[in-house]
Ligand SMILES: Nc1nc2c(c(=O)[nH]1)N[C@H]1C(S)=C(S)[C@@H](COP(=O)(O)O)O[C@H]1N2
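Taking the form predicted on its own, here's one chain by itself in structure tokens.
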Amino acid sequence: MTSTLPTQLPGPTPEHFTSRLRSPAVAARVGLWLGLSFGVCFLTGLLSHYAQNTSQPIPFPTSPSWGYRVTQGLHVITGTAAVPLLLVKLWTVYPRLFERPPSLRVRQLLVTGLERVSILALVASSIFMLVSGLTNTASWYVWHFGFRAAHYGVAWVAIGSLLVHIAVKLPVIREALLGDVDDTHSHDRATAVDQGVMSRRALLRTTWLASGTAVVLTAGATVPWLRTVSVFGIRSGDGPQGIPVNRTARAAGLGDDELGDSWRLTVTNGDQSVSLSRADLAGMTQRTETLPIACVEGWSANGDWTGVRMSDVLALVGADPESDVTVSSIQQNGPYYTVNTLQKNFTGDDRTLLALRLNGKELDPDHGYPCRLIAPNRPGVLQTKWLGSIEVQA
């Protein structure tokens, strides 16, 4: 008794999908822009991850002061643009998942298996990255794992599986891109003959329009002149003193007792220490710097910050102005970033301030009153609010 392999995988057969729109010509063109979006999103994500590291072999630059604002804006914008691109890409290639390898030779089976595994990893990781990224922009955390670590790890899975997929499908991609979009290619499915309600060109135009619309509706969080039309832009300008906030004083567990006259900032350098009230800081030489604050969620805004240079405060305890320091917040229930390291290139930069005022007015409690850190080209999550102590690292 002999047995034969089935002619196709269980489930729908490729013959069920007859639309000409499901073709390598469409998939390759959508995939090209999807790959570019993923690439930019991946690289800017790596930059953001590096900026938040405590240890940096190459110091993260302080200039231009708007650098992180631009890269993080690009990160969120390209991630948003990828959503409709990914949906159309999956729709076009879906029938291929039910095809049996054209040959039972070991080499062909291995290539096909590698392709299917790479697609599975790419689809799963892409969906995770886009969904978790979009929910992160809305500060809606429905999971119990660390977003930053998970997002970083899965990003490598996504980009690795994408590169494998491109390598396996490169001949098909090359043929599809070099030919006219309406041409019949050798890799077209024989059953894909139904003209449908639109042409391939119309589908591509609709895809570009959907992707562009998604960008315009969200980019106002980064691009100020789009804020009137970016209805889905999260925190795109609203907030106390014209600057959005992610975490309020109340959410941080702070009230009048913690933020009142009893508040003190402790600055320590070895055995030298000083305790400063807000009045003490206000009595020192004040500087005003126009600096953006940019958040990992994608929003950013410029502000005129007034306060004391970090280097002037460190001089009170005899510290080198270019010293790595540990800055700590007095917030009560913030599990992340309550304590972080400010590297020496930031402490030595004259634009790095212990801010007391914003846009000409005393800091709002939600912006870090009595005192907060503001530094150029630094992730917003590290611009520590409600400062309690600064310690020079040995």
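Note that this is a predicted model, so its numbers are computed, not measured. Residue numbers run from 1 along the displayed sequence.
Keep in mind that the form predicted together with the named molecule is missing from the display, and what follows is about it.
Visitor: Identify which of 295, 88, 82, 267 has a heavy atom within 4.5 Å of the named molecule in the predicted bound form; exactly one of them does.
Guide: Of the candidates 295, 88, 82, 267, 295 is the one lying within 4.5 Å of the named molecule in the predicted bound form.
Visitor: Could you check which residue among 343, 44, 329, 352 gets a heavy atom within 4.5 Å of the named molecule in the predicted bound form?
Guide: For this set of options, the contacting one is 329.
Visitor: Using a 4.5 angstroms cut-off on non-hydrogen atoms, would residue 337 count as touching the named molecule in the predicted bound form?
Guide: Yes, residue 337 sits close enough to the named molecule in the predicted bound form that at least one of its heavy atoms falls within 4.5 Å.
Visitor: Using 4.5 Å between non-hydrogen atoms, is residue 23 touching the named molecule in the predicted bound form?
Guide: Close contact is absent here: in the predicted bound form, residue 23 is far from the named molecule, nothing within 4.5 Å, heavy atoms only.
Visitor: Taking 4.5 angstroms as the cut-off for heavy atoms, does residue 307 touch the named molecule in the predicted bound form?
Guide: Result no; residue 307 lies far from the named molecule in the predicted bound form.
Visitor: Given that the partner is absent here, does residue 244 sit within 4.5 Å of the named molecule in the predicted bound form, heavy atoms only?
Guide: Heavy-atom contact with the named molecule at 4.5 Å: present for residue 244.
Visitor: Please determine, with the chain shown alone, which of 28 to 36, 343 to 351, 364 to 372, 52 to 60 has non-hydrogen atoms within 4.5 Å of the named molecule in the predicted bound form.
Guide: Contact-bearing stretch, as computed: 364 to 372.
Visitor: Within 369 to 394, which residues come within 4.5 Å of the named molecule in the predicted bound form, counting heavy atoms only?
Guide: In sequence order, 372, 380, 381, 383, 384, 385, 386 come within 4.5 Å of the partner.
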